[in-house]
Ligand SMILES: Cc1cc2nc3c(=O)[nH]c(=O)nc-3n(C[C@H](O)[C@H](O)[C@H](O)COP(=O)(O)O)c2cc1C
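Starting off, we have a lone chain in the form predicted on its own, written out as structure tokens.
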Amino acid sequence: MMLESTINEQKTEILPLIKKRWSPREFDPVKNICQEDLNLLFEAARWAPSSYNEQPWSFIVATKENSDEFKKIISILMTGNKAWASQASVLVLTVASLRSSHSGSENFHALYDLGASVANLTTEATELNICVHQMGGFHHDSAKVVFKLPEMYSPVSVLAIGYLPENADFEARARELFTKRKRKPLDEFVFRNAWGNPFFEMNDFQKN
């Protein structure tokens, strides 16, 4: 069944939530995410697409209220991430199943599918004015041991999730950082026919 578009006029901008998303290194250290909103985040993650509908993602979640569990995730972070990530309301270790339940062979698409699931979670978070910072800066081998991951399950990233601080100093820093965000223009990574041959020319979508 084809889903018919309800948009009659040509769009001139992408979905605002996509550009609103930001990865801060500061969080409100006392404002916690409620259980209902956490449910929405992981429900969004649940509905991501995946190869053969494997849904190869798993998440180990620690809220700040449970200090022992929270400290376990902090313990696997690299030193540079420990201080700012400790301000977050929730920390999440993302895990991918590397073996296909469909064929028993290695699931080549597992990391891709996990990324799609986290993208869904992040978009839902942005809608709720919750920020997500995704980190690769953690000790993978330690994570496997600390959280007793089964064979063929790989830790992939850590998510720091929380609310932005509400004070004038942070808002001034945030405005400056937000305006400095840059993305490659489409002609540098979208090609036609052969590598390096741009599909798009520069256009008004690529303002920053």
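One-based numbering along the sequence shown. Source: prediction; values computed, not measured.
Heads up, the form predicted together with the ligand isn't pictured, but that's what we're talking about next.
- In the model of the complex, the ligand lies within 4.5 Å of some heavy atom of W22.
- Remark: Y112 does not count among the residues lining the ligand in the model of the complex, judged by a heavy atom distance of 4.5 Å or less.
- Interface residue remark: M135 is counted as part of the site for the ligand in the model of the complex, having a heavy atom within 4.5 Å.
- Of the heavy atoms in N81, some are within 4.5 Å of the ligand in the model of the complex.
- Residues placing heavy atoms within 4.5 Å of the ligand in the model of the complex fall in a single listed stretch, namely 23-31, out of 54-62, 39-47, 23-31, 146-154.
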